[in-house]
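Next up: a single chain in structure tokens, the form predicted alone.
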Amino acid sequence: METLDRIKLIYSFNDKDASNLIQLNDLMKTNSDEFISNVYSFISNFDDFSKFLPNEEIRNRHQEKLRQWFAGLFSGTYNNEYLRKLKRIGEVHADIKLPSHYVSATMNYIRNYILGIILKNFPGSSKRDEFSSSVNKIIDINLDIIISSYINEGKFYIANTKFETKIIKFSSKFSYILDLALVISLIIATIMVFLLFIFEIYDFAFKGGAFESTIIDILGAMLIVWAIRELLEEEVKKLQGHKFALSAFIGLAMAALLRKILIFSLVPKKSIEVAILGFLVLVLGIVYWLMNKNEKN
């Protein structure tokens, strides 16, 4: 959990750097139109340019946001609100699945563009190196925070007090321990289902169990194993930093209901229960399909 003060400390960004950027504010404002034009000329070479910026309305809106971000670089105000805005930019880019190397390449172009302006306007000045150093720091900080959304959307947290920070850190660690416990529980559950599978075969082979009911029980156990495997895979992904897919739980519920239907199908008097369970499976199937379709979109 990082705060902006911690990030600035890592990059050795201090009040002098903020002052240097403020001194560049007026100069950069006069170049803002050229900045937008040049950046768009650069990003238009990307293969997916028309995919992410498909029409004039979206491009105009994006240009205005880009202009605001450019002005913010030289505002001199780099607080938690500034961090929130950068984090939101990263989240939007991650949500639309914009490749992270596009962001890095564009940020590198912007860095060189700004340094070019400094070199042009302060060719022999002792301020040139100071300005360039401060620009490099603020660009690196921006890139760090924006790209963090691609790696782990929860990496940066804006805490108001140290006590709040400690609570959040403890909660994060406790949540991680619970995830590990859940993974272990799922492994144990899988082993137990496999034992059930073996017992069903043993009961049929040595105790004369009914063939039809044994097959149904085995198929039911296989369904549960499949569902647990899906759930276990999603939990492992979550531990690796990915989002958890709720559809895995729905898949497990569907498997449990299907197992019940298979068992009840052997009992003639359970036709009403089978119909009710079948309806529930249908509803869950529709929800499962809609969730997977939404994730793909």
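The first residue of the sequence shown is number 1, and the count goes up from there. No experiment lies behind these values; they were computed from the predicted model shown.
The form predicted together with a small molecule exists for this protein as well; it is not shown, and the discussion that follows is about that form.
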Would residue 102 sit within 4.5 Å of the small molecule in the predicted complex, counting heavy atoms only? yes
Report yes if any heavy atom of residue 58 sits within 4.5 Å of a heavy atom of the small molecule in the predicted complex; otherwise report no. yes
4.5 Å heavy atom contact, residue 184 and the small molecule in the predicted complex: no
May I ask you to check whether residue 137 falls inside a 4.5 Å heavy atom distance of the small molecule in the predicted complex? no
For the interface check, one of 199-207, 175-183, 112-120, 84-92 should have non-hydrogen atoms within 4.5 Å of the small molecule in the predicted complex; which one? 84-92
Find the only residue in 231, 254, 53, 261 having a heavy atom within 4.5 Å of the small molecule in the predicted complex. 53
